[in-house]
Each structure stands twice: as structure tokens, then as C-alpha cells.
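A lone chain, given as C-alpha cells: the form predicted on its own.
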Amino acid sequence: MASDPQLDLSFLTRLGVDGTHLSGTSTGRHTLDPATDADSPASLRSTTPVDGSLIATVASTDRSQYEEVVARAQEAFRFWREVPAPRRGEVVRQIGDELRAHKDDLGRLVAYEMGKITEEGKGEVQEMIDICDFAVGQSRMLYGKTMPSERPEHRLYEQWHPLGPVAVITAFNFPVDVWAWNAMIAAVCGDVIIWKPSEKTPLCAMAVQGIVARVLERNELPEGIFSVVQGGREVGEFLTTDERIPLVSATGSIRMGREVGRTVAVRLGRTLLELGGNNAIIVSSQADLDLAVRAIVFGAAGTAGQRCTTTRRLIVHEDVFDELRERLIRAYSGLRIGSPLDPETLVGPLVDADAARAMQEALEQLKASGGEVLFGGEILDGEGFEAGNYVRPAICLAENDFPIVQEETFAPILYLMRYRELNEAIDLQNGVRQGLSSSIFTNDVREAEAFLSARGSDCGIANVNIGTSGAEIGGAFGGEKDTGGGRESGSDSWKVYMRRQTNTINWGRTLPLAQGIEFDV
């Protein structure tokens, strides 16, 4: 546990995850496992970015345990797919209520294990609650279509059926809500879910699994509807190579996504990939700069730059460039950096010291290309910063074609660049291989519409007068190009978790063939 005697860790006890060792698989209540060797290479060490101290060790799932999880999931699926969808929605509604009851504690655990400030941790849990509410409604709207048949006395329609066990592989930066985006929608569709959380945030998954298990137990439902496996790459490969898993939803880096995509494609499985972002905001000469500054600072420095929707590039019209640069430096100078559990903190730590070192390497590459650090970028030291993973968010001058600017650095680095004409700005915005989120700040309706048109942003998300982060659950979330092309959460994203079936019913006494074919026997 953390060494700070002032740090109240009672939320861990209330969530049932405080202990020295934890088992690595769970279909319901997680268990303490004192026999686990904390130094074993098969163990995951959950450390807090607050001060780098050990919270617990979690045993990785081995092959035999994995087989048990999949067998239970398959058995649960045979039951769950027969439950009427609105009834499945009622179970999800109860999960949402259970999350409401534990919102503050789970939000603090997210902050403690991952490092985002507590308000953002609670906001992440609120997204889980929101997607539960959304999924409840979706459970009554799994619509198929009825089409006119070309043959008399025939009915032609389509319906949707659940797929089976769905694997959900999540990243450390959103340790709980991305699972919920997938799991709650998949559950109302009739699927069962096997979750492999990031090896950096295993306790968040264990806490969520415990919350869900209480709901399943109250409803006398099989535990295998929701399962957790813990571990690193090897455990991920169990899932991606398993032909019993028809869909793998994976969130992470582009490199990871390419490997998952290739592996699952070989066995003709399905993937839903949510990969890296390299998101830009265009600031027009017609922008409301007060509005823009707030959005830029939150988008670039929030979660210490560890969001896939983090604002990484700022493309500014030359007429307002100097003013905006100075306003951003002043705003950054006032950011309070510190423990994510301190309510006064606006920027918490990076997830670990390795991430801080990666930020330093990125800044060195920027300078080697001819860029300049205008503000920040250093690793902080002194009291409260002993873990070596607290950094000051950086503002830099850069060109879009710098190699480091073309990459996603998971840290709070904001690259500033100028433009003259809107088409030039759009070309810069689109001139990276990632295509997740984008934004323009302008009060000119023509500029806004051009940005949203077919010749505008090539991203999956395009915003006007709001930042690149903070997507709502009602819209489909995802991106294009190397971001993977997947869509999660709202709109009609439910369809990826189901299989489409076209049905024709002949209710007549003859057998006319399609396309007017004659075939008499």
C-alpha cells in the first residue's frame, strides 16, 4: 500500500481488492491467494502512479485456467442467448444501479491505480453508468428489416442473433469504461464477455467483476456471462487465436492492433479495433479564443495526455497564432500537478516512470528535427514527485512532417503549427496515418461546414467548437485509417456484436423461384 499516512485507502477495502495477492481469473467474486509468489514472472504487480508503491500482485491466468473460463463462458452463452433481450436489459440496468452505488469508490480506485485525477476517474465510472442506461433501451431495439419479396406469397426479412463469447481487451488509460462500452451492449445482444484488462490496471477489473457478480448472484444467473482473465501478451494470444471466440474487441496501440487483426483474420474471426490517435484542433482566425483555450488545455493536458483522443497537434491561423501561444503558456503555468487523489490537482502522473522517459525521448527527437520546446516538458522531482512519473505538460513549436509529430506519444506534448488558408489546415489535420478525433474552432459557418464535408476531416470524430476528447456514449466512437476502423458505444454499434440472418418464408402453395427462373421437375 502507499506509504503516505495521510492517504485514505478505505475505498480499496469497500471494493474488496485490498490484499497482498489476488488470483488471476474471475467469473465472479475475486479471491485472495496468499500462495501466489509475488516475484513470479507469472504475477502482475499493480503499483500506484501516486508514489510508485505496490498495491497488490495478481496471478496471471495460465492455460488450464483459461480453458476453464472459456468452457464456463460457452455454457453460460447457451443459457444467456435464450433469455429475452429486454430481460437481459433488466440485468444490465441493475449493473448500472450497482455502479451508481460504488461510483465514488471505483472512481478513486481508477485514479489510484491508473493515475488520472479523481474527478476523471469518477467521470469514467459515470460513462459506465450511462452506457448501461443506453444498453437497457437498446435491448428493446435490436431491429431487423422487412423487405418486399419479388415472389408472391413470400415474406423476406432479416433478424439478428448473438455471436457467442466476445473477448474484450482494454488498455490502462481507460481501465473500466471501455470494457463497459463493449460488455453492456454485447450482453443485451445475448453474448457473453471474457475481459482481458491491461496488466497495468488489474485491480480495477477485479473490482468491476465483483460488482457485476453481485448482480448475477441476485438474479441466479451463471457467473460465466462475465469473466476476467489476467496477464500480458500470452493471455491476449489465448483469446486472439481461439476459434471459439468469434469477436475480439481490442483497444491499444497501432502495433498491437496490427498483430490482433492479423491473428484473428487468419482464423476468419471478427475484430473491433480502437487504436492510436494523433488528434488535431484547427483554430481559425474567426475562433472564440476563450472557448478554444479551455478546450485545448483540457484536451492536451487532461489525463496527463494519456487519452486516445488527447489533443496532440494545434494548427493555428497565423493571425491569432502569437496571441493563442501566449495564452496557452499562461494557462499551462497555472496547472496544478500532483497526486490524482488530491481534489485540487488538475494533472496527475503518467502511468509509470517508463512513460515519463518516453516523453523525454520524444522531446529530444523533436529538437533534433528543428522543433522547440516553448514551455514545460521536464520530469518533476522533490516532495510528492519521488515516483519519477510526474511531468510538466509541454508546449512545442513543430512541423507536421517531423517524424515524432507523425507518431502518438502517450504524454502531454502539444505541437503548435501555423496555417494561412483553411484547405492547408485541413491537409495538415489529415496528414497523419491516424484518424480518430479532430476539431475546428471557428464562428464562420462556411469554415465549419467545409471541415465537416467530404473534403474536410478524415477522422471518425469531427467536432466544431469543442475539443477532441470527451465523446458522448450516444454516438458511435472510433476512427479511420490506422486507428482501426472500429465503432463502439452508441448509434448502431450494437450490430458488430451480432450476426445478421436473412429469412424467407413461403406461405403459399407454389414454389416460384427468384429472378423468374423456371425449373420444372
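Values in this document were obtained by computation on a predicted structure and should not be read as measured data. Numbers for residues come from their place in the sequence shown, where the first is 1.
Below: the form predicted in complex with nicotinamide-adenine-dinucleotide (NAD), not depicted.
A.B. asks: For the chain shown here without its partner, which stretch in 390 to 398, 215 to 223, 364 to 372, 250 to 258 has non-hydrogen atoms within 4.5 angstroms of nicotinamide-adenine-dinucleotide (NAD) in the predicted complex?
C.D. replies: Stretch 250 to 258 is the one.
A.B. asks: Does the trio N173, R233 and G236 actually contact nicotinamide-adenine-dinucleotide (NAD) in the predicted complex, every residue with a heavy atom within 4.5 Å?
C.D. replies: Yes, the whole trio is in contact, each within 4.5 Å by some heavy atom.
A.B. asks: Could you work out which of D352, D242, E407, E199 is the residue within 4.5 angstroms of nicotinamide-adenine-dinucleotide (NAD) in the predicted complex, going by heavy atoms?
C.D. replies: If I apply the 4.5 Å criterion carefully, the residue I get is E199.
A.B. asks: Within 4.5 Å, heavy atoms only, which of I281, V228, L436, C204 is in contact with nicotinamide-adenine-dinucleotide (NAD) in the predicted complex?
C.D. replies: In short, L436.
A.B. asks: Even though nicotinamide-adenine-dinucleotide (NAD) is not shown here, does E274 get within 4.5 Å of it in the predicted complex, heavy atoms only?
C.D. replies: Yes.
A.B. asks: Taking the shortest heavy atom distance, is F477 within 4.5 Å of nicotinamide-adenine-dinucleotide (NAD) in the predicted complex?
C.D. replies: Yes, F477 is a contact residue.
A.B. asks: If we define contact as a non-hydrogen atom of the residue within 4.5 angstroms of the partner, is C308 a contact of nicotinamide-adenine-dinucleotide (NAD) in the predicted complex?
C.D. replies: Yes, C308 sits close enough to nicotinamide-adenine-dinucleotide (NAD) in the predicted complex that at least one of its heavy atoms falls within 4.5 Å.
A.B. asks: Examine I169 and determine whether its closest non-hydrogen atom to nicotinamide-adenine-dinucleotide (NAD) in the predicted complex is within 4.5 angstroms.
C.D. replies: I169: contacts nicotinamide-adenine-dinucleotide (NAD) in the predicted complex.
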